[in-house]
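The chain below stands alone and is given in structure tokens; this is the form predicted alone.
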């Protein structure tokens, strides 16, 4: 940091498994990636190429290499996995991961109907090839999954070999963990945390108010995802209590 301030919460450092921040790249140019890394590289743990944007992204290999050269892994959004799966192209998807030398993959069923045992089979299969992130929750705002089902699915997916599970919110933060207004489904989150260790969960939280809520609940080193590239510095100041929304939260921790 550029100078010393007292009572700043300790932040984990890379490579980390808590305080993890996942970026949502929805189509950055190579120049924008370079700028993103220059400004926020210390805070970027992994980058997701949102949904199936990798299908239409120009100079994809060069883009992946930019992130890789900065020590930042990337992965394709779960919707791309679903797009291959629903077209009976799972083997093609696995070859795609090897072609681009990816070490992470996301398994999800937010846009398709998939038997959960079958989803766990795919997790077990891909976990032999890459590190798997599995996403729980639906992209359909009308589909409300009860808390016990979230817990059951998260646990089974972790048991199947997922490194971490992702709580679904989409890039807008208006489904899954959140109501269509963006408000956190507080009871759902609190119930999940009674059974699933917090360091095994990445909470998709694209909106500032959502990030603030999770930081106040779980501290500076909560795992957060679907963060826009231009929001990384802002999020880091929230984590450190250096923005009005969390300004008083860490002052009396004696750190």
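What you see is a predicted model, and the numbers here were worked out from it, not measured in a lab. Residue numbers count along the first chain shown, from 1.
This next part talks about the form predicted together with a further copy of the same chain, which is not shown.
- Contact annotation for residue 112: at least one heavy atom lies within 4.5 Å of a further copy of the same chain in the predicted complex.
- Interface residue remark: residue 27 is counted as part of the site for a further copy of the same chain in the predicted complex, having a heavy atom within 4.5 Å.
- Not displayed here, a further copy of the same chain is kept clear of residue 12 by more than 4.5 Å at the level of heavy atoms in the predicted complex.
- Using a 4.5 Å cutoff between non-hydrogen atoms, residue 84 counts as a contact of a further copy of the same chain in the predicted complex.
- Across the proposed site, 70, 101 and 227 without exception lack any heavy atom within 4.5 Å of a further copy of the same chain in the predicted complex.
- Comment: 163-171 is the region of 176-184, 163-171, 115-123, 145-153 lying near a further copy of the same chain in the predicted complex, near meaning a non-hydrogen atom within 4.5 Å.
- Heavy atoms closer than or equal to 4.5 Å to a further copy of the same chain in the predicted complex belong, across 55-75, to the residues 55, 56, 57, 58, 59, 60, ordered by sequence position.
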